[in-house]
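Before any questions on binding or motion, here is one chain by itself as structure tokens, the form predicted on its own.
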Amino acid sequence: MKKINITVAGAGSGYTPGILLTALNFPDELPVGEIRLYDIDEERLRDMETIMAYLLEKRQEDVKLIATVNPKLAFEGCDFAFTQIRAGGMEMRELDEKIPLKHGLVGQETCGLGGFAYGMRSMKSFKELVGYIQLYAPDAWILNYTNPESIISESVRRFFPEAKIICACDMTIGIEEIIEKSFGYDRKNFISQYYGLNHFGWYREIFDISRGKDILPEIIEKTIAEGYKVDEEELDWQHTWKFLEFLTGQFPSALPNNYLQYYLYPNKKVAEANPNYTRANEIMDGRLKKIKDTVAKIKENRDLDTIDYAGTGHGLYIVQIAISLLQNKNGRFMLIVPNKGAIPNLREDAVVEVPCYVNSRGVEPISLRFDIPDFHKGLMEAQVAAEKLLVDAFVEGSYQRAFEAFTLNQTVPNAEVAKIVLDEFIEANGDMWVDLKK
């Protein structure tokens, strides 16, 4: 079988080893001949080159490794581009979280106004990135993890309607895994019916093929009555799963995505937050420090037995999508796609997250063939409109559209604070945003 070339864009990320080591675990279905690491941050790129070179040698992988800041070298002839860029780096994520918190609003990287600020940066950087891929590898599949995914998907569709891009989020996998661990199910038997937007959705049914029935009612009952069991290595997620138990108890007709906590209870999330030490600070002190420590160990040839990078569930999802494309597996995934009737009573041009089949032709969304409840529809319509206004602001360079988007965001109580935060973000982001004309 022909060897394939994989390019990782945003390769300086701490997720890179997990994704690539997972890909290399499937040599028969995904025969990788060349890995290319691409990042505009050369220091982080060289750190990851050091780590990946060590890991490939340790595993005795017969794979060529290239690390480059040159987009032509990165993308020309590649078969898959795994994209996970973070425009502005962790430093700007910190501001995304802390600026809203300063004004009593949700501070989170993909939700609320921090997510919109990140979205404006991401659209600008991602447009440039997709332009390079279209120029040097127009037939390559772009498998995207870059957030905020609904906004990214919408903007790519407007600028590059023919781009071969699949936007995926593995949060639904995380939810199904905690259900599996907590209550003794085998998620390999799940056929899940889920609908929503990225980080904004609900499970309507989880059909268990081993039992021949929908087990969602008993999952909801167990979630409320028993709660989730969190492994020691997942203790930093403990509060998230506790809040999901609370959310499910408040709205027990469906199982919500845990990110809905930021939209339904923004007051609680603000009250819990430390405005001086946010998730960005945790990552700087954790995942980013680990990269530097690992590089030092490799260069100094010490404590090599403590280097613990391995394949991950986060990596497995996107690798399985690549395999389904390459091998025509017709696998079923939750993906972010234009609605076009998949949710019948939601606007056609919404960007939704629904079950899809993936095969050699690409993505085939599954029509749900039922109207979603008014409560969910109302929440989604407002969020869709806010996201579309943000993309309009980016495309048109319009301050007014950005102001409208910030005002409509469901974590924002009034237009006055929306304008204050928007103006602060404009100043903080500078030329990382497009110029918004008043």
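Nothing here was measured: the structure is a model prediction, and the numbers come from that model. Heads up: residue numbers just count along the shown sequence, starting at 1.
Although not depicted, the form predicted in complex with 6-O-phosphono-alpha-D-glucopyranose is the subject of the following passage.
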{"property": "6-O-phosphono-alpha-D-glucopyranose in the predicted bound form: contacting segment from 337-345, 280-288, 207-215, 354-362, heavy atom within 4.5 Å", "result": "280-288"}
{"property": "In the predicted bound form, the one of Ala322, Cys169, Leu247, Val270 near 6-O-phosphono-alpha-D-glucopyranose [non-hydrogen atom within 4.5 angstroms]", "result": "Cys169"}
{"property": "Of Lys124, Lys98, Lys164, Arg86, the one that lies within 4.5 Å of 6-O-phosphono-alpha-D-glucopyranose in the predicted bound form (heavy atoms)", "result": "Arg86"}
{"property": "Within 4.5 Å of 6-O-phosphono-alpha-D-glucopyranose in the predicted bound form, all of Tyr15, His199 and Tyr259 (non-hydrogen atom)", "result": "yes"}
{"property": "Partner contact for Phe251 in the predicted bound form: 6-O-phosphono-alpha-D-glucopyranose, 4.5 angstroms, heavy atom", "result": "no"}
{"property": "Proximity of Glu94 to 6-O-phosphono-alpha-D-glucopyranose in the predicted bound form, heavy atoms at 4.5 Å", "result": "no"}
{"property": "Interface membership of Asn147, 6-O-phosphono-alpha-D-glucopyranose in the predicted bound form, 4.5 Å heavy atom rule", "result": "yes"}
{"property": "is_contact(Glu109, 6-O-phosphono-alpha-D-glucopyranose) in the predicted bound form, heavy atom dist at most 4.5 Å", "result": "yes"}
